[in-house]
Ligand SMILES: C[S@@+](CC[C@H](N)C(=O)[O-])C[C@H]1O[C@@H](n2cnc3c(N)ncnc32)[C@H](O)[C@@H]1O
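First, one chain by itself in structure tokens, the form predicted on its own.
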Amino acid sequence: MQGKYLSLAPLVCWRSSPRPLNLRALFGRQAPTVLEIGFGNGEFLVRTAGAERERDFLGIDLEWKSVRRALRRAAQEGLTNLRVMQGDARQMVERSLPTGCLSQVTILFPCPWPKRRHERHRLVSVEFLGLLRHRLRSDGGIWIVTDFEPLLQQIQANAPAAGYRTQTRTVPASLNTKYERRWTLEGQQEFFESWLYPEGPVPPAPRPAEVPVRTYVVKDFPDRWNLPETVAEGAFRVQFRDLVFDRERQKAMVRVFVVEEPLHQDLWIELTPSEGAWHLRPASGCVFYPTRGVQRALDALHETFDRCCRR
């Protein structure tokens, strides 16, 4: 059966790729790179990449259905200058993109999070704009279009603190994207456009540390095993959510949720036979960032396992 995406060639498996990415190797050439965050059904991303083949385009979206549609459109157009990634843009920009690699960042009709208590989720925070500043070339810029005036006001307030000068204006519908068409049909005639240009020194933006994850080899398999309590230490929290325990086959798997703001990781840790003993480690095929929180999850499970074996 042929997948709805037609080809997976443009898909970047970012969690298992080198960090930061080598964009020259990824695209097979050196060219200005445009990042679009939240590309929806991919029509604008693919249309622009097809019209500007002298530039490379990288799209990030949280939803697989959006990635699938962009992959299909890219295959239909025969594009070689387009790559797409699925996941949280904050994490991928922070961990996977090299310093000074982008000529432009495009953000079209981002989720406005209109309720005041949800404003912290907006992409135009000082922190995220500052991170993008670190990934932009000195002659680059961020292009944002929104239908929500309070979001424009937040951009104007946050941009100077993140190291940008801004140019804003109202514009008519001209992008022919899904959300622009929706708002136009609902009667909106003007939209708010902002360009953010780097100004002044680049603010520091160190990459999050990744640690070598220490696994455990244990000699005994317990007759029973209960999940540990939630671990909350400093900047991270570890929750143990599900346990799959097979006493006859002497295997176990634990689903773990690790929160290290703003990073949330959902992974399985396994206990499996290994050369006359048992290996406690992240499950085979499980992709994760090696962080202190993941290590603490392994430590806590080993401590619990050890107590069970001593009973």
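Numbers for residues come from their place in the sequence shown, where the first is 1. Small disclaimer: the values here were computed from a predicted structure and weren't measured.
There is also a form predicted together with the named molecule; it is not shown, and the following applies to it.
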Tell me the stretch among 152-160, 129-137, 85-93, 229-237 that has any heavy atom within 4.5 angstroms of the named molecule in the predicted bound form. 85-93
The named molecule in the predicted bound form has a heavy atom of only one listed residue within 4.5 Å, and of Pro32, Gly40, Pro282, Gly50 that residue is Gly40
Which one of Thr177, Gln104, Ser125, Thr166 is close to the named molecule in the predicted bound form, taking close to mean a heavy atom within 4.5 Å? Thr177
Hey, in the predicted bound form, is Ser66 touching the named molecule, heavy atoms inside 4.5 Å? yes
Could you tell me if Asp56 has a non-hydrogen atom within 4.5 Å of the named molecule in the predicted bound form? no
Hey, in the predicted bound form, does Ile60 get a heavy atom within 4.5 angstroms of the named molecule? yes
Phe109 versus the named molecule, in the predicted bound form: is there a non-hydrogen atom within 4.5 Å? yes
Can you tell me which bits of 12-30 touch the named molecule in the predicted bound form, meaning any heavy atom within 4.5 Å? none
